[in-house]
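The chain below stands alone, shown as structure tokens; this is the form predicted on its own.
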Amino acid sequence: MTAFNAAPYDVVGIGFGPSNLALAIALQEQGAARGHHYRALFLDKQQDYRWHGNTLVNQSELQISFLKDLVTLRNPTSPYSFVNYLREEGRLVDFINLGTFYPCRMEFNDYLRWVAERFASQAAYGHTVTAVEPVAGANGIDTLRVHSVDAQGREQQQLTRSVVLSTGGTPRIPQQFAHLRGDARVFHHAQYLERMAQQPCTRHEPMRIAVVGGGQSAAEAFIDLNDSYPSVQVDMILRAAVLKPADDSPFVNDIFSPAYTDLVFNEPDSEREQLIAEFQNTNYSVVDLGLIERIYGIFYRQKVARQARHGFLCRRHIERGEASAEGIELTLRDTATGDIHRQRYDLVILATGYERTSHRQLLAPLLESLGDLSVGRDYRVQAAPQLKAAVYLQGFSQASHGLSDTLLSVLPARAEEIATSLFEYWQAGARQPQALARQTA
């Protein structure tokens, strides 16, 4: 159990995923280089460190190079690099022998956990942040109060001079399924492993399952269901006519470089929107080519065997979903022919992506000072003069900083920029940051 400071922290990070973990490293390294100390606390709602823990199926591989870890692009000699993790875990030679730049996500999750353990004194798990409120001082709002609820349901409050919000995406539930949120037979892919462990197919009982979506998550769920549960019949249901491959060619990948962030940010709004729209096929509703080929092979072998176990229902719009004792019935319209078809499923998995709105809810008490939550180049939210405390966003600035903002590619550079901004903000304040004074019990 963590004992918190009564005095304000210099920074509270909300969420301790890869973005704020990279920031913790950058703060430590910059603090040592500057000779400045600080008090930091990172709150995370999970009980322990996990990165997409419910989606880490065996076939899941990282889609970017391991060199785009938490630090290497910024400081290749850092002890927190993926290469140093491999060395300390005794797998460096083995990984080299794999001959790949793309570790499985299970291993990358283990790397992140390995780094997080080295910042355990700054982290508090099992804390769900509910709001960030202003605290008025003599010269304006110079402190923020972070409200959270711990794993035992107790309300907690922490004071801080600055907040870095990095809560990631919230599962997107299509309107056709909004009324079925409480039905255990319909769930988002973010809950995949936890929910599948409770299904009859784990006991080899037959099930008919719909996977809704045409992106990477839908493809990975389909492959896992095919490989892990021989008793299931799966329909992939997607609006597009085909599964589209992600464009990860070298020139296109340049848009995820830290330097490209400057280009996007400095463009006029209209040009910036056009740039982002042009490269949507690098990240949204697309699938790794190798996975597409595996899925195509599965359906081809069905044709050879003349046994149609699974279905590929493309160009389908889901008109509605209805629950009954017999299952979840989907009404599907073929967008090419207009034909209507109804099909009943035992389970519906929504691989329908994520939306990024949680920052607006958490910062609602500050919106009078923060306006439309636009951010500067250093990711600090532009605020009215009365708000002296600093608020930063990680992963909510795609519209201003480009497609890489929600991905791993720019983590080291972004962390360095925010850390630099924080130290400058602290130095400009009424006092210098003091030594860390936290205890664990």
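The model shown is predicted, which means the values in this text are computed figures rather than measured ones. Numbers for residues come from their place in the sequence shown, where the first is 1.
There is another form of this protein, the form predicted in complex with a small molecule, and it is not shown here; the text below is about that form.
Novice: If contact means a heavy atom within 4.5 Å, which one of 257-265, 87-95, 205-213, 367-375 is the stretch that engages the small molecule in the predicted complex?
Specialist: Heavy atoms within 4.5 Å of the small molecule in the predicted complex occur in 205-213.
Novice: In the predicted complex, does each residue in the set 162, 385 and 426 place a non-hydrogen atom within 4.5 angstroms of the small molecule?
Specialist: Zero of three within 4.5 Å in the predicted complex.
Novice: Though only this chain appears here, would residue 342 touch the small molecule in the predicted complex if you measure heavy atom gaps against 4.5 Å?
Specialist: It does not: once the small molecule is placed as it appears in the predicted complex, residue 342 has no heavy atom within 4.5 Å of it.
Novice: May I ask you to state whether residue 407 is within 4.5 Å of the small molecule in the predicted complex, using heavy atom distances?
Specialist: Close contact exists here: in the predicted complex, residue 407 approaches the small molecule to within 4.5 Å, heavy atoms only.
Novice: Closest heavy atom of residue 353 to the small molecule in the predicted complex, within 4.5 Å or not?
Specialist: Residue-level check for residue 353: yes, a contact with the small molecule.
Novice: Residue 285 versus the small molecule, in the predicted complex: is there a non-hydrogen atom within 4.5 Å?
Specialist: Contact with the small molecule, yes.
Novice: With the small molecule left out of view, which of 176, 78, 226, 158 would have a heavy atom within 4.5 Å of it in the predicted complex?
Specialist: By the 4.5 Å heavy-atom cutoff, the listed residue in contact is 176.
Novice: To verify the annotation, which of these, 320, 360, 239, 301, has a non-hydrogen atom within 4.5 Å of the small molecule in the predicted complex?
Specialist: Answer to the contact question: 239.
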